[in-house]
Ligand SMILES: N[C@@H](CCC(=O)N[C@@H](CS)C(=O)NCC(=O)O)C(=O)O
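Here we start with a single chain on its own, the form predicted on its own, put down as structure tokens.
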């Protein structure tokens, strides 16, 4: 049965699903969906909230990135991306929840979008959002600095791949990279994780033109 991943090439969450596919050694057909434009009825049938990604595997369809990634890990052969034991699994789930609930908005929507994405695409930059995102990011990064184990990047879990998508976006902004460097454990983790084959293979959707005067 074929796998179809419906996503937006600039979406951090679509990239997370792509990283998991790559880590599992799986190939999927890509269906480009711009969640900011008019959405076709067939996508709304897959994802009633009109977001990305969504995945089809034969007759089975699923949306929400965390659910997609767990399905890919459990339904297919390949490296196991969820650790054994309740403590390690709980910590992995906690990293994902922290990234989703507290990290995505400051790291991606505020800093990456306004310091990197908008300048690269010629959109209006809201400078105050960069400042706000950098301020809010410190609490998130401090929490992750206590939760992430540097050696976990050697054998990444779903949590490492999930977090990598957000950290890569954040650190692609000069200001984000400078703030990230303040957190030693997280920085050591990222120094290894950024060279992971699944991270490298999916970097095509990440814009890296950070403006030198984005905080002006």
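None of these values were measured; they are calculated from a predicted model. Residue numbers count along the first chain shown, from 1.
The same protein also exists as the form predicted in complex with this ligand; that form is not shown, yet it is the one meant from here on.
Although the partner is absent from this view, residue 117 stays clear of this ligand in the predicted bound form, with no non-hydrogen atom inside 4.5 angstroms.
Put simply, residue 70 is far from this ligand in the predicted bound form: not one heavy atom of it is within 4.5 Å. A residue is said to contact a partner when one of its heavy atoms sits within 4.5 Å of a partner heavy atom; residue 193 fails this definition for this ligand in the predicted bound form, lying far away. This ligand in the predicted bound form is approached by residue 51, whose closest heavy atom lies within 4.5 angstroms of it. Taking 88, 109, 127, 80 one by one, only a single residue has any non-hydrogen atom within 4.5 Å of this ligand in the predicted bound form, and it is 109.
Partner contacts here mean any heavy atom within 4.5 Å of this ligand in the predicted bound form, and among 35-43, 22-30, 146-154, 179-187 they occur only in 35-43. Residues 11, 12, 13 are the members of 6-21 with a non-hydrogen atom no more than 4.5 angstroms from this ligand in the predicted bound form.
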